[in-house]
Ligand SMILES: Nc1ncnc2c1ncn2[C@@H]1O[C@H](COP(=O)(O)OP(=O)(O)OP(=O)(O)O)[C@@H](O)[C@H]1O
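Okay, so here's just one chain, in structure tokens, the form predicted alone.
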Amino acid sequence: MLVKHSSSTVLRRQQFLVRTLCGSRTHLPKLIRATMSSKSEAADAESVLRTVTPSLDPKRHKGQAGKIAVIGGCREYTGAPYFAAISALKIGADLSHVFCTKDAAPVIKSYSPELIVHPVLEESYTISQFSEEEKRKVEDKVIGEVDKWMERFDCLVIGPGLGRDPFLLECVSKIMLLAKKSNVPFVVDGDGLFLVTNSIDLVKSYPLAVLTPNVNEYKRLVQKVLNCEVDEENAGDQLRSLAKQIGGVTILRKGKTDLISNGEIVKSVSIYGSPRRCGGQGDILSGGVAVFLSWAQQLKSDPESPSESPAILGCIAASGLLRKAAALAFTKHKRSTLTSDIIECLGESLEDICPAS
């Protein structure tokens, strides 16, 4: 009876074999790529991290290393926006904002003084007695508050802890349209993906949009857009088709092996992370993608910049770093590893790959 191994298990065995035969890491990426299916190319995440991570230059001023904003956080969910926003800072962004509901703001502020918290979002229960005209005025006020800051941001993270309140989602829809008008990249995760799945036009044909679905969120996207079920046998081809059908957005499909596509190419990241699957790791990833995407955007003016899009590079870098940090946290805490432990390992893991000095 044949045993069917996962792609990540096969990859680790290939890495071990190459190290044994060659005794050097310098030939690993090329040799590993040669043994993998041409339908998805293994990304050299460490090389991408070294390429997109800026050096620490005393001549740079506050804000040049990234200004990130998280749109999310309601009275039920305050941890997710915090995880995404603080991860951005731990990786190296200079400023991290959170736009949340009034109920969520004091809680998120209590987690860390490092975050700039804006209690501007509203939920239906706070305006249930309002007339339709009054509700429109509230919506306009919410959009106006975010619009005042929009041009300052290098990237948004939309969805962590957002919830599914109809009025709140309607406001966030308008914020996404505002970001597109201003050409601000955004990463969509969590309940933001629920919103997008039901309103594909919010991201369709916007190349600066990144979607980071988990297994269930990806299933719903495939059913909605491709009108079929998930095809694990042809995962890379299906992901490419999905991204292409949505107009060239970048999709990072989270899993044992992360798959990334913009409708043209498919990249995979299979660095071994951690068997501990505590909630919140996706929020770290979304914050990381935002930071690395913004850094990759800064490279576009360099004639020797990588050929891949900033969104692809941002996804590869964030996926690789999260997996490295999760592995490090697990060596320290084993079964008791929490998302906060992984966040604390982000800096050490990045320093190991990209030394500050």
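Sequential numbering from 1, following the sequence displayed. Note that the structure is a prediction, hence the values are computed from the model and not measured.
Although it is not shown, the form predicted in complex with this ligand is what the next lines describe.
The site on this chain is open, since this ligand, superimposed from its pose in the model of the complex on the surrounding C-alphas, has no atom within 2.4 angstroms of any backbone or C-beta atom. This ligand is not shown here, and in the model of the complex it never comes within 4.5 Å of any heavy atom of Val203. This ligand is not drawn, but in the model of the complex it has a heavy atom within 4.5 Å of Arg277. Put simply, Pro185 is far from this ligand in the model of the complex: not one heavy atom of it is within 4.5 Å. Contact annotation for Lys254: at least one heavy atom lies within 4.5 Å of this ligand in the model of the complex. Look at 138 to 146, 225 to 233, 118 to 126, 279 to 287: in the model of the complex, residues with non-hydrogen atoms within 4.5 angstroms of this ligand sit in 279 to 287. Comment: this ligand is not present in this chain, but in the model of the complex one of Ser173, Asn214, Ser110, Gln245 has a heavy atom within 4.5 Å of it, namely Asn214. Of all the residues from 321 to 338, those having a non-hydrogen atom no more than 4.5 Å from this ligand in the model of the complex are Leu322, Arg323.
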